[in-house]
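The chain below stands alone and is given in structure tokens; this is the form predicted on its own.
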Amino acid sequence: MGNDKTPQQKLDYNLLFILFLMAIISAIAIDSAEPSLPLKLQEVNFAQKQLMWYGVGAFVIAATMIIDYDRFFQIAWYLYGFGMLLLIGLELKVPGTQTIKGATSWYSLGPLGNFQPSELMKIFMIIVLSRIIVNHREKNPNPTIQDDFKLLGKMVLATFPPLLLLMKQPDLGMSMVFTAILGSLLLVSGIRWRIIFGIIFSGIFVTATLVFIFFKFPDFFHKYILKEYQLDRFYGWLAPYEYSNEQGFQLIRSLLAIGSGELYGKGYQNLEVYLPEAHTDFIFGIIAEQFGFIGASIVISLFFLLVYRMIHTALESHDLFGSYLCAGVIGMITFQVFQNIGMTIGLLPITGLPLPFISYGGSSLATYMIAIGLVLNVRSRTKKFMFSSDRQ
């Protein structure tokens, strides 16, 4: 016997409550960070705007859930094409594009602010890769190793065009997110583990080769592989105190802020350490300084609970496409959380990726809300069966 609850009755209210808590934390953290911002930015109430974007996000979730996620399967390539057109427009610098800190990654929407199409393309990438896997598995129910390589090739070919455009913008952080989405879906695609381990070892070999080229042929490396400003991030990460006035400045300030918070923190709005980009990239440092190890642990725990709820939905789904959508969203959010928190505590180089749901940002928050809407969509249309024979 199937479960006849309506989609509204099958909403994951635990997940929605986690989002509600994150909205409160985000508003409090951004509000407390505003006095440390440059004077021209202090005129803007970022906390209020963030709550406004959360309100928009609620409508985005509702709109995403109205459409049966099977429809996204049908229009996957149209969405992919639309996203590519937006990225190509940035490359061609059509009217309306914005260049910020050397990267042409935004379109200006006038009073609404800037829109970053690569954020939307992340969702389209998850949808189209999920469709590729489902189609391949339906055509090859008993895949050979050659079939696995074909699937790998299809997924890499679909990921390569947007990845190339992102690297040309240049946007190293977003390129890493796309790679993480591809990697997370490869892990659950059914491809043999010997191939996946081969990819991992190949990655290690390529990294070692790049390090060798950097030391033996520095001119070639700087001209054709990584620009100087991209290498600055690695210098500031590996030896921040040697570059304390330049590349390592942000990391040193972040470590000071987090360390000075100790166990309980200094209290709300008691900020003594100046942090650049405090309301966006380094919001975690703001939280840790004010609320200490306990406050930072609560934030991390909420992300664990969020991922747990999404994994639960992915495992409950009886539809491959729905499960892959959830897996892609889990990979995207998990990587960004790990990267952002990792860079603020010195575990990873600084890439400029925001902390999902907490950092200020309209287009990024809207993207996360679409992603959550997809997961809720899958859950609301997953039927539960009392007897296994009813699944047939």
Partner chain sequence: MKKKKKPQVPFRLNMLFFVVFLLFSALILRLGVVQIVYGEHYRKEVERTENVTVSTPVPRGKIYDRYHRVIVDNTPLNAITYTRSQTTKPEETLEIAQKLAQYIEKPTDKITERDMKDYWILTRPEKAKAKIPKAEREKLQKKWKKEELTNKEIDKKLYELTLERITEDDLKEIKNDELEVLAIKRELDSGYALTPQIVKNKEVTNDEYAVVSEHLEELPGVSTTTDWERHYVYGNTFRSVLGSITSSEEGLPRERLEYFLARDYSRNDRVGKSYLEAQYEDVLHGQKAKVKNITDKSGNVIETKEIYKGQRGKDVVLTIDIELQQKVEKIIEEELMIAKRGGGRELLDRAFVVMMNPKTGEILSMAGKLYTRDEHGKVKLKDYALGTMTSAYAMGSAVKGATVLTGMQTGVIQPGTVLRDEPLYIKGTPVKKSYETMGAINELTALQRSSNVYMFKIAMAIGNAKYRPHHSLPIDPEAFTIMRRYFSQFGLGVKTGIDLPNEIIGFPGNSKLPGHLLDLAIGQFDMYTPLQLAQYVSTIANDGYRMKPQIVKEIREPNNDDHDGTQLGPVIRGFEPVVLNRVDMKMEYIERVQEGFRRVMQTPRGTAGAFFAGKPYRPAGKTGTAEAFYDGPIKSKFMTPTRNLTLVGYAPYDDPEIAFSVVVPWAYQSERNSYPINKKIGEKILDAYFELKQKRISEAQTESSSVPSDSDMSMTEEDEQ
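Quick caveat, the model's predicted, so the values are computed rather than measured. Positions refer to the first chain, counted from 1.
The same protein also exists as the form predicted in complex with its partner chain; that form is not shown, yet it is the one meant from here on.
Novice: Counting non-hydrogen atoms within 4.5 angstroms of its partner chain in the model of the complex, say which of Y308, F82, F160, F212 makes the cut.
Specialist: None of the others qualify; the residue that does is Y308.
Novice: Within 4.5 Å of its partner chain in the model of the complex, heavy atoms considered, which of A366, L353, I358, I330?
Specialist: The residue from A366, L353, I358, I330 that makes the contact is I330.
Novice: In terms of non-hydrogen atoms within 4.5 angstroms, which of the given stretches 90-98, 113-121, 213-221, 308-316 touches its partner chain in the model of the complex?
Specialist: Of the options given, it is 308-316.
Novice: Is Y324 close enough to its partner chain in the model of the complex to count, meaning some heavy atom within 4.5 Å?
Specialist: Contact with its partner chain, yes.
Novice: Just checking whether S297 would be counted as a contact of its partner chain in the model of the complex - the rule being heavy atoms within 4.5 angstroms.
Specialist: Residue-level check for S297: yes, a contact with its partner chain.
Novice: In the model of the complex, does L347 have a heavy atom within 4.5 Å of its partner chain?
Specialist: Judged by the heavy-atom cut-off of 4.5 Å, L347 is in contact with its partner chain in the model of the complex.
Novice: Indicate whether its partner chain has at least one heavy atom within 4.5 Å of a heavy atom of L165 in the model of the complex.
Specialist: Flag for L165 set to no.
Novice: Identify whether its partner chain in the model of the complex is within 4.5 Å of every residue in the set M52, L152 and F205, based on non-hydrogen atoms.
Specialist: Checked in the model of the complex: no contact with its partner chain for any of the three.
Novice: Does any residue in 337-358 get within 4.5 Å of its partner chain in the model of the complex, counting heavy atoms only, and if so which ones?
Specialist: The stretch touches the partner through V337, F338, I341, G342, I345, G346, L347.
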